[in-house]
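In structure tokens, one chain follows: the form predicted alone.
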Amino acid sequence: MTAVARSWGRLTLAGKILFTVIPILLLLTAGLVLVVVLFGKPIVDFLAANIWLVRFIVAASAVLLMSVPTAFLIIYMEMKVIALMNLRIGPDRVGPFGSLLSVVHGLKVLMKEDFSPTGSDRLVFTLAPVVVYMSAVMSLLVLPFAPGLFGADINIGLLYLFAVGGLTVVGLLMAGWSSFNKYSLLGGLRSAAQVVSYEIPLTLSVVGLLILTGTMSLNQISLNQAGWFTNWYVFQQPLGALIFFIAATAEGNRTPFDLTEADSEIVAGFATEYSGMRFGFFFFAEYVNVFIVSGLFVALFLGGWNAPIAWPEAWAIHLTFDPGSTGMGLLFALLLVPPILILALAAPFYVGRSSLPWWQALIIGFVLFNVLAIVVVGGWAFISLDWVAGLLWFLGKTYLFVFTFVWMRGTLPRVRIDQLMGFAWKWLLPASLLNLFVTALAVIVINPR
């Protein structure tokens, strides 16, 4: 044992990691192979007989896995954009251009002490952030990202989204009441009043759209907007789109309607007494809601995954070549072509700069080769695969609206609570009813049947 301990002490950090990780990987691989050999066929038969269960697990896992990176990306975008608006650099230390700073913020939240204040209802206090976060995650299930790329296509998808999204106010009320803090209670009551006020014009703003489409399926609504951008419903429902955008901003508690956590008035509102990961759930849910609101607006009014121009069939590239037919030739091509291209890309840097070591030139060539491969494969996939092109169009439009929300936070002041409530009841509600009546009248006049 002494010799083993002495040998272990002489190892470098990399050696210790190597001798620790490799045996663990070997054991896990051997266990996986054993499980596949013994239980592989029964598992495959069970999954084939219950394909709906497999699809549900895959969809739920994908939604959960994408929520945190989405929040990290929007947090970084908010820090960087607002900094540039203020003529500052913003995050530039952690990761390339400071892109990993939001990840550090998430890890910091995980390391913070998580405690419950004296006098709080601990069960409700703990469940409140879970309700808020799960409300945001469940809303992602019906959002159509691309043709065939969605969690569930149900014929009442829009109604489901409004119903599940409304659970956010339940979590905020739970947080405000259970914290045993007057500022938290005020934040919870404000959230209830705000959601009740803006839920009505938000729902009525899409009723005119439902009259035109005849369906509440978000997937079908996106399909109806295929072709040129003139088919997008924002041109048929401009007032409805404007009302929806304003009401959705208030529903997502974003500036200038962030009265539930107004730091200049009520400290942090419902989140005043929260710390650690429970505060992190609120933090992530807010940014996931920004993505959901932006994606929902895109799906309803801006064509969803559809391109702004009709995509001619003649432009599509179809891969008729079967790589498997080449046999060993494909293997030799995969082994020879990348090194040759890497050397060809590295040669100009090595020849052009005599002071550059050969290994640095090879690294540059390797990076350029990967960039070139990504561009070529991505361009082919964009042109030939509908779901890739649709996903890129959808994310591009969605993050354009995410930028708009960040822009609003960096420029607009917070309104007063009486202005917030008065605007909903005095302006948005009558405007949404007017939009509904005008749409119904137009449908009767144009299509009397």
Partner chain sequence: MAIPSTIPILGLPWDDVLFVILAGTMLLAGLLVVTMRDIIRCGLAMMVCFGALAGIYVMAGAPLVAGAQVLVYIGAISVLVLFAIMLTQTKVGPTRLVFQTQAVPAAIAAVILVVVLVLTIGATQWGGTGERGETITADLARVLFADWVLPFEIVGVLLLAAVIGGVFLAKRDRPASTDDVE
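Being a predicted model, the structure only gives us computed values, none of them experimental. Numbering follows the first chain given and starts at 1.
One more form of this protein, predicted in complex with its partner chain, exists but is not displayed; see below.
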- Partner-contacting position among 213, 272, 255, 120 - heavy atom within 4.5 Å of its partner chain in the predicted bound form: 120
- Listed residue that, although its partner chain is not shown, lies within 4.5 Å of it in the predicted bound form (heavy atoms), from 307, 192, 207, 371: 192
- Query: Can you say which of 30-38, 45-53, 63-71, 406-414 gets within 4.5 Å of its partner chain in the predicted bound form, counting heavy atoms only?
  - Reply: 45-53
- Task: Give a yes or no on whether every one of 156, 174 and 196 sits within 4.5 angstroms of its partner chain in the predicted bound form by heavy atom.
- Result: yes
- Query: Does residue 167 make contact with its partner chain in the predicted bound form, using a 4.5 Å heavy atom cut-off?
  - Reply: yes
- Query: Does its partner chain get within 4.5 angstroms of any non-hydrogen atom of residue 366 in the predicted bound form?
  - Reply: no
- Going by a heavy atom distance of 4.5 Å, is residue 101 a contact of its partner chain in the predicted bound form? no
- Query: So, in the predicted bound form, is residue 152 in contact with its partner chain at a 4.5 angstroms heavy atom limit?
  - Reply: no
- Contacts from 416-440 to its partner chain in the predicted bound form (any heavy atom within 4.5 Å), listed N to C, are 421, 425, 426
